[in-house]
Every structure is written in structure tokens, then in C-alpha cells.
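Presented as C-alpha cells, the chain that follows is alone, the form predicted on its own.
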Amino acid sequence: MSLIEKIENVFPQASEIPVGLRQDIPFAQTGYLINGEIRKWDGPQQQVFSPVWASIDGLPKPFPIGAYPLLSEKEALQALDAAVSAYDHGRGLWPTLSVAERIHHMERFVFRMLEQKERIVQLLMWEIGKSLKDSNKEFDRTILYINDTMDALKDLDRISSRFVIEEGIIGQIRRAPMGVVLCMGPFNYPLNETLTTLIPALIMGNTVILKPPKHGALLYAPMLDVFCDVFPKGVVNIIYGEGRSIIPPLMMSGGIHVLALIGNSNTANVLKKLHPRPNRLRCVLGLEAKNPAIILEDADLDLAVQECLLGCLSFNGQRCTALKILFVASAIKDEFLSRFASAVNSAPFGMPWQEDVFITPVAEKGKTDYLRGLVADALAQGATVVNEAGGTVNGSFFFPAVLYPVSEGMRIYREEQFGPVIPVLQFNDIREPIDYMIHSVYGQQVSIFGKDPDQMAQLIDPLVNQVCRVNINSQCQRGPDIFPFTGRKDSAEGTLSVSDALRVFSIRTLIAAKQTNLNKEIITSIVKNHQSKFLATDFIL
């Protein structure tokens, strides 16, 4: 069977979908969580279709997998009222718990979440078309992140459990919560990246409103009971619906203290402007990127091709950390292109449950039309598709297209494609890719491939002032989660790593007193009798 024929037959018959993966499909989600109560919704619902199409009578069609509530402004403001009440200006139960007590709640949450792993993973696979293997990895990585966050908070609290005496002033410096946090995650990592904001926000004592992503909403259904049972009422509120309908009222209320958004910069800019008290709003934003790879003349081509393949096409390139444009030294351009095109066409593609599948259908509705438009624009301006069948579309499936030569003026040169279209440029002078990065509106990461330490060093020094991570002979990526994850320019605001996230969702606060006998007696009494959870020297093991 030819490559084109394989693409034309990529979707299975409905009867060929493994029975074990069709449990509870389609799944009608009617619940949402407000003020410690799972409420039932009998209003309008959003129908959910998987990126996986099913062939019926030889015709592939979108496969329905469920529906979720389309709540209104009324329910959104009810969630806000619950979160505001639970925080109660910092006087609520949750923000006044000790660190050890909040950690205990989080340990229970992990235990209960693990019980729901199979359902969460399957819904994740169905909703966004991520391979079953990678869906399992996303779940496992999320559990690891939560455990690492608890360990990091213990370390932070141990450091804070001592007193500092300076210039006759006794002080104890700890971190306190900010207030009500609005969390919105992305469709490409709807579990992991959403919880990398929600978990540190919670564990630092904030209350939270979670709005799941449009693609990746159903997977939160098995978690509603978990959040409801583990956390005090109003601490976690989960609402569904059209973002344009339910999010602006929350921001305009002025009741949101922290906006945690991983998504689009245009959305972030609009929401920030809606807040009536911008100086009271803290923003934690993970936004777009156009991460380049620079393949130098002396690069190990086997390594460069493999890492660029992973960097460009892991989860179909639907990652902010994906490599989205490749700069190749002119002397090795032909050999690199030949090897890279061959590697792309050799990558296994198919349905997400198939073993070792690499390329799967793209998640967003209308995405194949957008990607096809990028390719058409590039071809009209002199580029060619260098890999066989590149850009071939079948329903929600888009076979990766390698474009060369790409030049300024083409849409793909600047636009973040967020999908399997790979632009390649040659360069004669290393200043060309550097100038590209200088003039880019994004500044997240870059990958450099080469062997000469002197040349690498000369590139590292200017590039660290353009991006926040320089990868040597490896693809761009987020992890390990202890490393800082952020960006310059329009790519990010705030830093998300295990320890940085604890700081970004809290503020340093201290108790201070002059070193007098009276103050010493007061502090000693409070600490000795455990009268305060903030002013304390308890040491968490």
C-alpha cells in the first residue's frame, strides 16, 4: 500500500475500535463543582467529537464522545462568590491552615486521583487524540509534579521555620497566599499544564476557579468527586462553558487576584484589560513561541535529525515548546533535508491507541484547513514540499509537510503553526538566525546542534539574552519540572517550575518585632503554645 493509500485509510471502522477503550463513550457530563457541591446542569451542552474519526460505510466521520455543560454568567459568578467566601480576605479555613495540613489534603488528593487514572487517561486520549502511551505519561508526570511540589513546599517551609534577628529586629519570613486564582489550561496538556498552575496555587492557600480547556474538558468529570471530597467547600470550583461568555464577567468583577493562563497572548491581553484594579492582579502566563533550531555545519546529522523530528512532531507539533522553524547551514542543507524528509515519512502514524504511533489526528476543529492554508501560501511564494505526501489531508488527519526554502513574507516564517508543518531555511551567516530571534515577538527557547565548543560558546552568550532556555544538541522541552519554565517577550509572564510556582502564587510576608524582653516573651509564648500557624517553628519532616 502506498503512502497516500495509507493516509486515505488511516481511520478505522467503528467496529475496529478496541472495546476496552469505548467504556462510557459517549460520556454525558452534567456535573459542575461550586462551593463543595456537585451541581447538575440541565441546560445547553457542548457536543464533543474526538479528533479520531470512525469510518462508517467507507466514509470517515467525526466520532462523538460526549458533551459537557455550557454554563452561563450566573453560574460563573456563583463560583466566584464561593471562592471569595472560602478565602474570606485570608481568614477562611483553607488560607489559615498550616502548611502541614494543606500538604495532608494534597496527599489525599493524589491517592484519590490515582484511583481515577484509567478513566482520565482514556478521556484524555479521546478528546485530543494524544497517543495512549503519551496520555499515560501525562498522567504519571502530573502525579510526579504534585509529589515534587509537596516536597518543595516542605523544603521552603523548613527554611522559613527559623527566626532572623537583624539590627535589633526579630523577624520570621514566610509566604502567604494571594487570594482567588482563575486557572485556565491548554488543550494540548489539559491535565498536566492545568494542574501545574492549580496545584501550587492551592497548596499555597489560595482558593481556585478552574475552567477546563475547550478540548480536554471531559477528563475532569472523574475528578469532580475527588476535589469535592478532599478540599473544604469553595476552595476548588470547576465551571464549564464558552470562555467568551463566562470568563469576562469574572475578570470585570475585580474579584480575581491571580490570572493563571496557559494559552494565547491575545486572550491574555484582553482579560488583563477587563480587570478594574490592574495593580491588584498578578498574571502567570504561558503563551506562544516560535522556537528555532540552528543546525551548524559540523552538527552530528543523525542526532540533529532525530532530535528535530521529536522536537517538531511530538504530539503533532501541538506544543508551545515544539521546534517551529529550522535554520540549516547551507553546506549541509541538502543532506539534512534528505535525511529529515525520510525520517518524517518513516514516522509511524495512525490512531492514538496503536502501539508506538507517533503522528495522530490533530485536535482542533478546522486545524487542517489552517495548516493547508500555510502550505498553500508558502508554495505560492516559492517553497516546495520536500517530503512525499507532505500536507495530505484526510478529515482531521494532516500528514506532516516539510517546506523549503522558506523566506520572510511567508506566513509560516512568523506565525506559530502549532501543528505538523515544518519550515526550513538555509543560512550562510550565523547572524541570520540570531537576527530572526532578535526581531521575533517570541522568546522561549532555542536548540543548537554542533560540535565546536568555541562556536557553541559564541552562540550561547547572545542567545541567553533572547530566550530563557538554550538547548545544546537536543530538542526544546519543558522538563524536568525542577527547571524554570518561562519565556521573554510575548511568550510568558512569570516562571513555572516546581519551586518557582510556589513563589509565583504567594507573597513574602513577615512578622517583625523589636528585640525587647516583652516581645521575646510574647513570641516565645505563641510559639511554645502553638497559638499561631504562621508564627511557628514546627519542622515538617
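Please read all numbers here as calculations on a predicted model, not as lab measurements. So that there is no doubt, residue numbering starts at 1 and follows the sequence shown.
There is another form of the same protein, the form predicted in complex with a small molecule; it is not shown, and what comes next is about it.
Listed residue that, although the small molecule is not shown, lies within 4.5 Å of it in the model of the complex (heavy atoms), from 333, 414, 282, 141:
Comparing distances to the small molecule in the model of the complex, the residue within 4.5 Å is 141.
Answer option from 499, 45, 477, 55, heavy atom within 4.5 Å of the small molecule in the model of the complex:
None of the others qualify; the residue that does is 477.
Report whether the minimum heavy atom distance between residue 257 and the small molecule in the model of the complex is within 4.5 Å.
Residue 257 lies outside the contact set for the small molecule.
Decide whether residue 87 counts as a contact residue for the small molecule in the model of the complex under a heavy atom distance cut-off of 4.5 Å.
So residue 87 does not count as contacting the small molecule.
At the 4.5 Å heavy atom threshold, is residue 127 in contact with the small molecule in the model of the complex?
Flag for residue 127 set to no.
Taking any heavy atom pair closer than or equal to 4.5 Å as contact, tell me whether residue 485 reaches the small molecule in the model of the complex.
Yes.
Listed range touching the small molecule, judged in the model of the complex by heavy atoms within 4.5 Å, from 335 to 343, 320 to 328, 219 to 227, 298 to 306
Checking each option against the 4.5 Å cut-off leaves 320 to 328.
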